[in-house]
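Okay, here we've got a single chain as structure tokens, the form predicted on its own, with questions on binding and movement later.
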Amino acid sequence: MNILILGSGGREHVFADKISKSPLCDKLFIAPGNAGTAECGTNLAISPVDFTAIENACIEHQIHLIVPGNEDPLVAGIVDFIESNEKLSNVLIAGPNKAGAQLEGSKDFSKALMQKNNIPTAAYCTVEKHNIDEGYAFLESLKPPYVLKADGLAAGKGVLIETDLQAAKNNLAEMLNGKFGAASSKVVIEEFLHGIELSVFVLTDGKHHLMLPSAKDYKRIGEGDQGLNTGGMGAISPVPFADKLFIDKVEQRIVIPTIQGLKNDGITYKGFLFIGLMNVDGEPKVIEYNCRMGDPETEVVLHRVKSDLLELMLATCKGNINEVNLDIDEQTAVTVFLVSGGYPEDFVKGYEINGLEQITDSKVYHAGTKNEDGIFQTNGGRVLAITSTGNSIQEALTTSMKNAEIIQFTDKYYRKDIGLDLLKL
């Protein structure tokens, strides 16, 4: 069968690498893809949110299955578009519909779902311009720091954390007045949760679910989790403290009630479910949901999945994932991202990348790359993800560090401490 993956990052390279190796895959297309995905299939110069172009590509290339990578097409309703399109009646799509994607597309929707289904999370208050005084009062009831989240998608920039009450109030007013555009026309104020963050990943067909490996990513640009937030500087899987007891709590208190709660509201959620958690003294609490896999978490989570990913995607669409065997590599995986100097602020693209052919014992997933006349070049802030496995975090990190030194491009930067904080617990 012919497959179309939507997206262009490291996550999509993982999808492409896995799916291209499936005996069920005849032809693989990636829209728009990157230099790494081009080695797995055919890149198409199509935006993941250009539904008309996607429709035309499905017809031209006789696509049987679409795998959306990031949240934008899901929140915009790509699943509804495909499933209601008579021209594409034979095309399956592995992801939640627009109603289900509200889990990520609307913080207020997800918090209301949690509250309704007694899913453990932080106390919250949703504020719009008309009830801003209610928001001020809720802030006054909280202890610092104060968490403010834009309700809609804000390209990863819609969360503010303030230690000063007046600054939090000022930020609330600015957000409601368009600080993050339409995304912050509604703001969710949350109680700050103290603990250790991690993520748990689930694959569901709306009736059954599979628990994928846990992961922890590192967002700050600087070592020791200092500096600006990024799209992710690295990740590890599994998370050492997320033992069977903890994961069982997550499954029983969060995963099952979330899927059932959606179903009770008439939403059959299919696809990946990403649950951002805080471990509060051994008890899991939900920080957020995402309606897709994370990046760089995919580079460690799916790297450890030995089962046929295409078979899993098909079972998700057809409602029989309970019949598919999930085989997980028990080793630890560590991903280290090589990024462009200046990222996450201004950076230069187009630098030549050297040393890829010298890499051993690691898998290199492309993110912000392009291939110009056979020469790999940087084409984004986060350039390459180096993933290694080992019997411990330290062993896997050492391998990734060895290969991070081999790959060269101008102004290369990477963190050397991914996962080391967990060794101190």
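Position 1 is the first residue in the sequence shown; the rest follow in order. Here the structure is a predicted model, which is why all the values come from computation and not from measurement.
Same protein, other form: the form predicted together with adenosine monophosphate, not shown, and the subject of what follows.
**Student:** Only one of 72, 205, 308, 190 gets a heavy atom within 4.5 Å of adenosine monophosphate in the predicted bound form. Which one?
**Tutor:** Of the listed residues, the single hit is 190.
**Student:** Please tell me which of 153, 175, 314, 287 lies within 4.5 Å of adenosine monophosphate in the predicted bound form, judged by heavy atoms.
**Tutor:** Selected option: 287.
**Student:** With adenosine monophosphate left out here, work out from 125 to 133, 287 to 295, 265 to 273, 346 to 354 which stretch has heavy atoms within 4.5 Å of it in the predicted bound form.
**Tutor:** Selected stretch: 287 to 295.
**Student:** Residue-level question: is residue 142 within 4.5 Å of adenosine monophosphate in the predicted bound form, judged on heavy atoms?
**Tutor:** So residue 142 does not count as contacting adenosine monophosphate.
**Student:** Does any part of residue 197 reach within 4.5 Å of adenosine monophosphate in the predicted bound form? Heavy atoms only, please.
**Tutor:** Contact with adenosine monophosphate, yes.
**Student:** Should residue 161 be counted as a contact of adenosine monophosphate in the predicted bound form, where contact means heavy atoms within 4.5 Å?
**Tutor:** Within the cut-off, so yes.
**Student:** Decide whether residue 147 counts as a contact residue for adenosine monophosphate in the predicted bound form under a heavy atom distance cut-off of 4.5 Å.
**Tutor:** So residue 147 counts as contacting adenosine monophosphate.
**Student:** Scan 95 to 109 and note down the residues that get a heavy atom within 4.5 Å of adenosine monophosphate in the predicted bound form; none is a fine answer too.
**Tutor:** Residue within 4.5 Å: 107, and no other.
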